[in-house]
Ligand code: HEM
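Next up is one chain by itself, shown in structure tokens, the form predicted on its own.
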């Protein structure tokens, strides 16, 4: 190709990127975006890093902007009592998402997080690790017998469901109900929320609340042993300082435990296998050097962040990335875009399991950094390490499509053959 042709090609690419950025609307996405959002994210970061959406909100894609926002919770509020009312109305779905930990500011956020903290101490994680290894070993035996199976549903999803089932003390016969509830409730966070999604999410909240009320009564009558890994008993009644969660706070933060740790962990495992299959040299390196599993998990979290989007609202006028934004402006935090920012990550669209430093924002930052991130890392490490050690040959057995939800990155299913 001569120089003139090259210039024409690059001009065309730039023009296409500019057009993609100018037309982007989080409420109107197509299948192509759900399968691969990163070209659009790159276009936005280059041409419109603080893109103004049709509803007046801003969509941010630069790592530096997101990092600064995460670390200033006073200026950038997580409270959604006003904004979610517009999309969710006066529904159980609204009640849940405005009561659970993640969408609240201090002092409520601080008080509730304090009650959940004992579930994620180093001592608690050491106790849980044996259980994680047990569940992974059982799941590996099951899928090894199958030969061809669904990586997401037959393997990756089982671990978080069992762990959260243990934490809430859910009887094994009832654990199959947890995943559908979580998927429906989290679906209520999508930008283009449909009437069907709103109704399904609200129904799931009501069903889960009723189940938890029964479970709490059972726990009060029949406490579990202290070494069971169950945390529900610790959330009932006053803490050491005499503080007590209201009934709604207790119910909705038990639901939050499921929602926060269920799909994200399963997607990290599935996304991780998918990424390693797409970059076979990295898979081969990890097989040769299993001590890199911790670094590999961090890179998978960066490369295919299971949570792709967050939100904040300005409590006062502020400057972000050189632009002045008014008090009350709603901002979208594109975590998936920030984690592929070339100003922070060299060759950001390639998987590099030795990447250091790796300043990804998959767990957020600041006071809202994911409370269960150490547990999530441990679960993903044990599961992925066990999977690639168990199977010398792994290949995708059929087409795997991503689900059509922008906030979370994952597949509807992932058929594999492994031996």
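Positions refer to the first chain, counted from 1. Treat the numbers as computed from the prediction; the structure is a model and nothing was measured.
Unshown form predicted together with the named molecule; subsequent notes refer to it.
K.L.:
Could you work out which of 330, 149, 120, 345 is the residue within 4.5 angstroms of the named molecule in the predicted complex, going by heavy atoms?
P.N.:
Residue within 4.5 Å of the partner: 120.
K.L.:
Considering 161, 216, 200, 307, which brings a non-hydrogen atom within 4.5 Å of the named molecule in the predicted complex?
P.N.:
When the named molecule is considered in the predicted complex, the option within 4.5 Å is 307.
K.L.:
Tell me whether 19, 61 and 341, taken together, all sit within 4.5 Å of the named molecule in the predicted complex, counting heavy atoms only.
P.N.:
Contact check failed for every one of 19, 61 and 341.
K.L.:
Answer yes if any heavy atom of residue 255 is within 4.5 Å of a heavy atom of the named molecule in the predicted complex; otherwise answer no.
P.N.:
Taking the distances in the predicted complex, the answer for residue 255 is no, it never comes within 4.5 Å of the named molecule.
K.L.:
Within 4.5 Å, heavy atoms only: does residue 312 come near the named molecule in the predicted complex?
P.N.:
Yes - in the predicted complex, heavy atoms of residue 312 and the named molecule come within 4.5 Å of each other.
K.L.:
Since only the chain is shown here, I'm wondering whether residue 251 would be in contact with the named molecule in the predicted complex (any heavy atom pair within 4.5 Å).
P.N.:
Because no heavy atom of residue 251 falls inside 4.5 Å of the named molecule in the predicted complex, the answer is no.
K.L.:
Although the named molecule is absent from this view, report whether residue 153 comes within 4.5 Å of it in the predicted complex, heavy atoms only.
P.N.:
Judged by the heavy-atom cut-off of 4.5 Å, residue 153 is well away from the named molecule in the predicted complex.
K.L.:
Among 22-30, 364-372, 347-355, 35-43, which stretch has residues whose heavy atoms lie within 4.5 Å of the named molecule in the predicted complex?
P.N.:
In short, 364-372.
K.L.:
Using the arrangement in the predicted complex, list in sequence order the residues of 112-130 with any heavy atom within 4.5 angstroms of the named molecule.
P.N.:
If the 4.5 Å heavy-atom criterion is applied to the named molecule in the predicted complex, 112-130 yields 113, 116, 120.
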